[in-house]
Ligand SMILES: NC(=O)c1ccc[n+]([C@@H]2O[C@H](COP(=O)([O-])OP(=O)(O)OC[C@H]3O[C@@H](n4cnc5c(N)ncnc54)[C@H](O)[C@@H]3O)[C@@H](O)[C@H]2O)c1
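Given next, in structure tokens, is a single chain: the form predicted on its own.
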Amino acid sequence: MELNLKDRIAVVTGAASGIGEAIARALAAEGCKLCIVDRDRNAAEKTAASLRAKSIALDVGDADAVASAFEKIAAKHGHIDILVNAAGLLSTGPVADLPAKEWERVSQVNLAGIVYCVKAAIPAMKQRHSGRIINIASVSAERGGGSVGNTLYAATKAGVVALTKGLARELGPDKITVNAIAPAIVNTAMTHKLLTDEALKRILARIPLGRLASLSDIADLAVFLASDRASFITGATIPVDGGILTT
């Protein structure tokens, strides 16, 4: 299937590792020109170098820094075609045991960070009357918590789902689509320490397909949603969960 993504300008946040990196690599393989965004400067530079891409060290929870960074990206390339919001933080443990600042820490990146990045990208997309925005949500949004993420994490991801629907409605007239991908647990650096043998056995017992999601499972869908093949899909949150939401 020809996706016609060659030379599209794509900005991927949280792209130095995990899901964000996998999506960035998949987009690069389709010919996109990548901007790797991550708060870890060294990791971002390393990933960008391997893809012959540009990197920006950025905390997406800092609204002013996001606005400045996106202005520079738009000025350099003239526009932005694709925005993937993959930056995220995991939170674990019961809400009663967590300090109040844990909510601020997680929501500032997982939810506010998407708002800031979308707001910053909209002008560069509207000028060409087209664009693709892809947000990384989670099946925990529907369950009120996931296999490792807690209630606070789930609440931020539920916010991503609602934000995706609302943005799709607002930006549709400008031919900008907004969709979300909701993975179940993926074995990444963020979750690896939590996936003990016992935890993994418990999680796999709940997944009808009997395995964890691979990074390519997520990245392949993101690439499709970024393409013209998905031009009539917007406001959707698509689970990539091996059927866990059916149990």
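Keep in mind that what you see is a predicted model, and the values were worked out from it rather than measured. For every residue, the number given is its place in the sequence shown, counted from 1.
Not pictured, yet referred to below: the form predicted in complex with this ligand.
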Worksheet item: For the chain seen here without its partner, which of 123-131, 71-79, 88-96, 162-170 has a heavy atom within 4.5 Å of this ligand in the model of the complex?
Response: 88-96
Worksheet item: Quick one: is Gly235 in contact with this ligand in the model of the complex, heavy atoms, 4.5 Å cut-off?
Response: no
Item to complete: Although this ligand is absent from this view, report whether Ala16 comes within 4.5 Å of it in the model of the complex, heavy atoms only.
Response: yes
Discussion item. Can you work out whether Asp59 and this ligand are in contact in the model of the complex, taking contact to mean some heavy atom pair no more than 4.5 Å apart?
Written reply: yes
Discussion item. Using a 4.5 angstroms cut-off on non-hydrogen atoms, would Ala49 count as touching this ligand in the model of the complex?
Written reply: no
Worksheet item: Counting only heavy atoms and a 4.5 Å cut-off, does this ligand in the model of the complex sit next to every one of Asp40, Tyr153 and Ala184?
Response: yes
Worksheet item: Which listed residue (Ile207, Leu221, Met190, Ala63) meets the criterion of a heavy atom within 4.5 Å of this ligand in the model of the complex?
Response: Met190
